[in-house]
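First structure 1, then structure 2: two forms of the same chain, each alone, as structure tokens.
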Structure 1
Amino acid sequence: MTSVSQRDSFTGKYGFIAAAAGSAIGLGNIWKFPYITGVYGGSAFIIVYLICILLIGLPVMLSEITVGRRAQKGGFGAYKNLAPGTPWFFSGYMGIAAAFLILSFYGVVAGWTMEYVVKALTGAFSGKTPDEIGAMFGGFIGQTAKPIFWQIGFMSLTCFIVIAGIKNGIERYSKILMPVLLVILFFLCARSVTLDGAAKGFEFLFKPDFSKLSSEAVLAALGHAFFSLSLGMGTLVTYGSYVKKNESLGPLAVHITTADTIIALLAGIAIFPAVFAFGIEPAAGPGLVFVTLPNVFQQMPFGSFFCVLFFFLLAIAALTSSISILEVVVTHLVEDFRVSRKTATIVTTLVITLFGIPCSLSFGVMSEFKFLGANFFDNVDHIASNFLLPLGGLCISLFVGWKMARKDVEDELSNGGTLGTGYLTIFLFLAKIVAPIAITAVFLHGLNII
């Protein structure tokens, strides 16, 4: 087993929290969470989401970090170290495959955010009607060259950070990007809540109406709680392997989960009061960010400035997640194939970017290329999100709950017996029973079985 002293590592608790929270806080929080909250009725959905975070997201996250630090390896190597001679290592391969596929289309959407930063800076939305803004978005993603240009730019930036390593790359930039993200988000919240009519947005977010809550909404909350924390693809196993042995894992998992949830709620506060203040439909769907919000911003005082801030925020959130996803694949090549970090990062970035180009073209020249009724982008998203991630999360939960010896889990959580672990029994119950059942429900829902 590789000693932690021979590997790069996070310098301390804040560095790990910044990086891991950055991994969890991505487009899912700023882009997806607000629009699915709108689709499923607001605060009642949020309450279910918070329950799911507590009962499923937190134990699965702690499971991943525990496995990573125990093994001192990334996803594939961790299973090989802790369960040698067993088929558990296939779980590591699923995580690597999920990371590869997700980053291929994630880089495309993240590239869109960079284009929209430029559009906001140049005043491209000024004087445009909602229909014109919608047509602008459709026209942009339907192009060939420009979306690919921004995809390559975003992936190159991700590559640059990951090449530098854990301490000098991922940790250093996460410590810069996460505070910037928070400052921008607080600034946007302050502007949104002071608009006339903002109270309706707060009511939508914080006054529950459980009559609007359907079984589909409950499963959506469960699925988003799971996916928003970057679980199931080995990201936190990999990051956990770089955590020093004197750090307390339980509080770290709580801090990351709390940060992720707070950012998601702040995104809702930044968006919905403004949406209601200008009479926009809250259930606008995926177009909420790229079509609806530019329309909202241009109607408010100093809207162009806040529009720039918002899309810059979105780009930062995408970047903090993308570096963690790329690190999963890079760590596998470095540790299991003895490839240098620089070579592994450049080659992985190049291959993922090339695979992502058909995802980008799915809205343009390849829009008519369908398989099972969906374009290339949607199929890649479906395979990763509905198959690989739930199976990866299920495996890590079952591994910690049933395969690892209780004494080994306790040893890791207690830092060799130096810390109290009064939560161990509850944690193992959630990992053994509750999380597997819930994740299976998400998996079956993704297959349209329930």
Structure 2
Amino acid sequence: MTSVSQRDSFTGKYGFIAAAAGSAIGLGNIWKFPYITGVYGGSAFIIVYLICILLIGLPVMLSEITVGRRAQKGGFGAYKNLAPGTPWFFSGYMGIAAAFLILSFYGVVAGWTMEYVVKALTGAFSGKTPDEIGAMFGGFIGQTAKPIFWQIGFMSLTCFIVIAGIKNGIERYSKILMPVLLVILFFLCARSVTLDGAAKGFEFLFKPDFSKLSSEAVLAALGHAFFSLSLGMGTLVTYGSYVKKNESLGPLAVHITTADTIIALLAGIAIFPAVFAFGIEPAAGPGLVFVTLPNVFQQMPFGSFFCVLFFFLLAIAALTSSISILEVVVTHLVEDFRVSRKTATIVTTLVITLFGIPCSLSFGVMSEFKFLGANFFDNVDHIASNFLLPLGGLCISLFVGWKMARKDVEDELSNGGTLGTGYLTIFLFLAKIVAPIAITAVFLHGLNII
């Protein structure tokens, strides 16, 4: 028996992939990726995003899983365990802050998807023009009580599942439903690309114009690589701590990254041809998916049925992500402060939900409340995604690249010499040199310093 027996562990490889992919695949892929791609001008942004995924996201992901499994702890405890008496664990505080901020607005958007399940069920979209569907969305998020009601509903569900614990909670929900979401996405793509006027959407997606790419866009692409892969917060450190020692981590990281990226690209292909076909503004912002897809469903056989199912599964995808965010904070409180799991989960959920309320109101009564040139919602997202997550990623890659001994990294990846690690040198090169330099450069560029 290894030390893993002291902790819950995922049952087999599929359990971990399902849970990690469940964390990674969420609103980030289907809501945020298309919307920021629209805001930052399309194809060139996507190319920068893909480069960030490959050169930064992938090595950071492998770093997180490796550190978690080595230490058998969550984000915080892992640093304390592997480098006792050093300040590395401070990076854990950034992870906690990021988890707070991200979950606060994530719960709001997840609440929107729940309202959309009900709207679709009651046939609210049928016979409506694209303009009417757009107005319906604006009318909904502009209200005070209704979006907050759904946000609280969603956060309560998240809380409930996290209390249930890792195996029963996380694994069971993510395994079955994600493949169904993938199938619907395929249908959506097929319908969207065959709409009249879809060609402009292709151009937007696949014909890069780098002259339109701002330094802010590059920073957003980097931030979104972290957001979408669930990196920089300690989520995958925690999940890594539950992976059995005889699993090979390199291929796991590649699988999760590939799945996440494919889903985001599919969402892009499902949305942009339709955006142009229906004359929707690509830079419409956070509502893009909600104003575009109901139109596509209207043009599909059994569209209302698929529309209900789609928003339902999107809410589930959001749930498997939100539990992984809440888990970061809960694991910290349970492991480092010896608070009971139930208390930790309930208190954290309450605080995050409260903080989410001004995020929700950013589209209504607080829409005039702006700082740093944006509303509350955008600022929370921006600070967490574009600063805290990449900083967390910088720390973990430096930690694996420079602080841990190469032989320890090798020992962990090869399970004491029993698994192949042909990728070790390139991984360490990326973690040690490429990722840290790239993250720093994008930061400085984003701040207009270089």
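Please note that residue numbering is based on structure 1, beginning with 1 at the start of its sequence. Bear in mind the structure is a predicted one, so any value in this text is a computation, not a measurement. The term rigid core refers to the most C-alpha atoms you can superpose between the two forms while keeping them within 1.5 Å.
In this pair, the copy labelled structure 2 belongs to the form predicted in complex with ligand TRP. Here residue 34 counts as shifted, since its C-alpha moves by at least 2 Å between the two structures after the core is aligned.
In this overlay on the rigid core, residue 261 has a C-alpha that sits 2 Å or more away from its partner position between the two structures.
Residue 364 shows a C-alpha shift below 2 Å between the two structures [criterion: core-superposed Cα displacement of 2 Å]. Core-aligned Cα shift between the two structures at residue 250: this is 2.3 Å. Lined up on the core, residue 210 has its CA atom moved by 9.6 Å between the two structures.
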